[in-house]
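The chain that follows stands alone, in the form predicted alone, written as structure tokens.
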Amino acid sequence: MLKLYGGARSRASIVQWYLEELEVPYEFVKLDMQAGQHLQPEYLAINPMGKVPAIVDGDFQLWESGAILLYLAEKYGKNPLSLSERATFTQWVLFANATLATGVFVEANREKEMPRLLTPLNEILVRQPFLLGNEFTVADVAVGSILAYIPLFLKLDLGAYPAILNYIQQLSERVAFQKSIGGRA
């Protein structure tokens, strides 16, 4: 069975959300980060960086939430992915982790970057229910999790982005979200 390693209030909940969406059986191994379990030799053998999340899927080990999401989409997704679909998913996952997260959660960037990033996202979500159209994908997990963290952790006013607020609400009502991110907030 796939094992997901994580800690309280970590990005492991993003991976957990996607595992729940995919209905992949997994075991959640909660590491006590304050006690330093993530820095013990047993865990460092899985992720030498000592960060969470990480997965062990049979003999395969992988860390970094974005890489894990893309792996899960490829291995457990319902349909084989074309090269262009993989590239599009990669684009959105990298955007979520590298651009959106730093634009929102790094306070020095927030004033300049949030409008630049949230305005086009809002425009996309005015036209369609999910980032890539009418179907929920790994892109929604990656980007949606970052967006959902804004009201949970930063308490920023997103009133200028009504489509994003609606999107966050729709995502937060998903059963898989409630079993993961929603259950940890």
Ligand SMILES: N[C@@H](CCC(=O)N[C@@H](CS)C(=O)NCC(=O)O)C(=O)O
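Residue numbers run from 1 along the displayed sequence. Worth saying up front: this structure is predicted, and the values here are computed from it rather than measured.
Omitted from view is the form predicted in complex with this ligand, to which the following refers.
Participant: How about residue 90 - does it come within 4.5 Å of this ligand in the predicted bound form, if we only consider non-hydrogen atoms?
Facilitator: No, residue 90 stays farther than 4.5 Å from this ligand in the predicted bound form.
Participant: Would residue 53 count as touching this ligand in the predicted bound form under a 4.5 Å heavy atom rule?
Facilitator: Looking in the predicted bound form, residue contacts with this ligand include residue 53, since a heavy atom lies within 4.5 Å.
Participant: With a 4.5 Å heavy atom cut-off, would you call residue 33 a contact of this ligand in the predicted bound form?
Facilitator: Result yes; residue 33 sits at the interface with this ligand in the predicted bound form.
Participant: Can you tell me if residue 64 lies within 4.5 angstroms of this ligand in the predicted bound form, counting non-hydrogen atoms only?
Facilitator: Because a heavy atom of residue 64 falls inside 4.5 Å of this ligand in the predicted bound form, the answer is yes.
Participant: Would you mind picking out the stretch of 137 to 145, 33 to 41, 122 to 130, 150 to 158 that comes within 4.5 angstroms of this ligand in the predicted bound form, counting non-hydrogen atoms?
Facilitator: Among the listed stretches, the partner-contacting one is 33 to 41.
Participant: Go through 94 to 115 residue by residue and record those having a heavy atom within 4.5 Å of this ligand in the predicted bound form; state none if no residue qualifies.
Facilitator: If the 4.5 Å heavy-atom criterion is applied to this ligand in the predicted bound form, 94 to 115 yields only 97.
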